[in-house]
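This document starts with one chain, in the form predicted on its own, laid out as structure tokens.
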């Protein structure tokens, strides 16, 4: 059963399909905003499929083992985080002590693997992308942790199942002032984790070519693309689990879950299409100052009962 959860539903196969469809929705809306037609619905499947059957060229200057392991580990970590969220939302009893911390660490692994893989490629442009990815990771992790702490202190538990049970008994955390502020902070932090505009600084195609992914091609690049798609699916589910009562897959709960999911994807897309790319120093300053202050305000309001 554990293998089924990880490989089929709600794990790898399901999250890849939904993630690639979500990425298509994001591209389609972006194209419409720019008065373009946009890609067909299966375009992302064609792109990733083509990459997965291509040869993987390895730079002569690269550390071959690390260069190839990085995308594989990133994909496995993204799949595991999606599986954890899906299983716990289906059955709150599958929670364990501190699983929120475990999930948070697992969701950080893909970003770390981007840094490791780019650094191992031996390309100076990739190294710049790796440096930016690491700086941005350090930037958004602080407000993200504080915002998550707001939920933890309110519920009094680090268990995802306990957080879902608390909201079932007391109403969604999102329906409080501190919950709204914390949700906004986490939404913007996850925008940076996904590498979406205005936080696509590590990739920055107009500056660095493909930045951290410059030397990747074939199946290795395909693995990173799948990782991004899975994280795009996982991020709204993570927010909904913490703040909006989680996902129910029975009765009208399915429709309500889809509507909540689409809302957060629309917010990701809206932010992407209404902001220019930031410089890395602007991004770090934004997270360490603006977002951190907002997260602390949310924590204070929560302690006051708001």
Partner chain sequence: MPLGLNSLKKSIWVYHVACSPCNNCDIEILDLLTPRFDVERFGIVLVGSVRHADALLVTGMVNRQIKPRLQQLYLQAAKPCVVFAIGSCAVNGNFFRRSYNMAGPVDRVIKEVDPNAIIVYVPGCPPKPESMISGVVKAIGFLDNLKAKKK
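This structure is a prediction, so every number in the text was calculated from the model and none was measured. Residue numbers count along the first chain shown, from 1.
Here the subject shifts to the form predicted together with the partner chain, a form of this protein not shown in this document.
The partner chain in the model of the complex is approached by residue 39, whose closest heavy atom lies within 4.5 angstroms of it. With a 4.5 Å cutoff on heavy atoms, residue 217 counts as touching the partner chain in the model of the complex.
Looking at residue 270, you'd find every heavy atom of it more than 4.5 angstroms from the partner chain in the model of the complex. Using a 4.5 angstroms threshold between heavy atoms, residue 45 counts as touching the partner chain in the model of the complex. Looking at 233-241, 57-65, 254-262, 276-284, the stretch with residues near the partner chain in the model of the complex, meaning non-hydrogen atoms within 4.5 angstroms, turns out to be 57-65.
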